[in-house]
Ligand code: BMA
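A single chain, nothing else alongside it, follows as structure tokens in the form predicted alone.
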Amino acid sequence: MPKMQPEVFSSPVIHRYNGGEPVLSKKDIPYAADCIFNAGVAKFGGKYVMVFRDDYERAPWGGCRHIVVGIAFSDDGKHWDVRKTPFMTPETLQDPDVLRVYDPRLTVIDGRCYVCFAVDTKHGLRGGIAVTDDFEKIEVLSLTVPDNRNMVLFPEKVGGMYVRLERPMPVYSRNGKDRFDIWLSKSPDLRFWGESKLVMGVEDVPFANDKIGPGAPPIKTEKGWLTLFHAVHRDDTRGKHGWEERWTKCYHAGIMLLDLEDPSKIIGKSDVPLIAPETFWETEEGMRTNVIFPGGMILEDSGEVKVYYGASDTVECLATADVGDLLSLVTK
């Protein structure tokens, strides 16, 4: 049985916006919504853009029956206007095998906005990459074979290749249990992917014992690619902690620094979480409490970094930090 987790806290360099109150929740959505979380955020066309997961219609087992991806726009990254209709649904992808689409991430490359996402299909869970120029039309460029998800793109080519972080889910070869790690793959065209390499394993993260995976797309600094990841600790003595009968996991946001020329190489990493569950919305209220999932990160010209994260799989929150302070965590 997994051991009880030592008490952990958020880094003092992190400042929760508005005391940790959500920047987006179900009350802001003009259509069916129960849980708004795991959003991707980018600056595009003079606006902040957020694409978010929307789970709705609560079911007896504690989860929700349906999932769509919504979209919102903002002038300041804090106050959001939600479009009146969803951005992505299974019908958007025009693939009869797709059942649900969720967990979007946004990356702007050479003036175009790319969306990484996950889909549940009749034949397994797959990760996808699509591109849009206007957030009206969307073109799917690639879908993985099962099982792969949590994919994020780097915002520029490295060594002439597109690069992504990803999290395969090798249950069969890992004794039927969670034990998922962070990998990197390269592509010449965002359609064909290969040269895959392990970046970091669960065993490399002191505050994880279950699985890890990419968080927000990396941001470029002079010292390296500043990169967020999610890290999961499981403790079977935990009780209900949400709508389901049992929820034994705790999610944190971690931070590391990847080499600019070889991003499969970790050159710095914090051995404690960047963000740990602490506020009411993160520990007391929601579908699955004690969950922090970072999906968006924006570096402002001022040096401020905005980190957008899902809390308790139910609301979307914002934290800020100075880029120098974040680098100090991973360059000691």
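One rule holds for the numbers: they count along the sequence shown, beginning at 1. If you're wondering where the values come from, they're calculated on a predicted model, not measured in any experiment.
The next section is about a form of this same protein that is not shown, the form predicted in complex with ligand BMA.
- Judged against ligand BMA in the predicted bound form with a 4.5 angstroms heavy atom cut-off, the residues F37, W247 and D313 are in contact without exception.
- Residues with any non-hydrogen atom within 4.5 angstroms of ligand BMA in the predicted bound form fall in just one of 260-268, 37-45, 273-281, 299-307: 37-45.
- In the predicted bound form, ligand BMA sits within 4.5 Å of a heavy atom belonging to F293.
- Of the heavy atoms in K26, none are within 4.5 Å of ligand BMA in the predicted bound form.
- Using a 4.5 angstroms limit between non-hydrogen atoms, E166 is distant from ligand BMA in the predicted bound form.
- In the predicted bound form, R126 stays away from ligand BMA, with no heavy atom inside 4.5 Å.
- Contacts between 250-289 and ligand BMA, taken as any heavy atom within 4.5 Å in the predicted bound form, involve Y251, R288.
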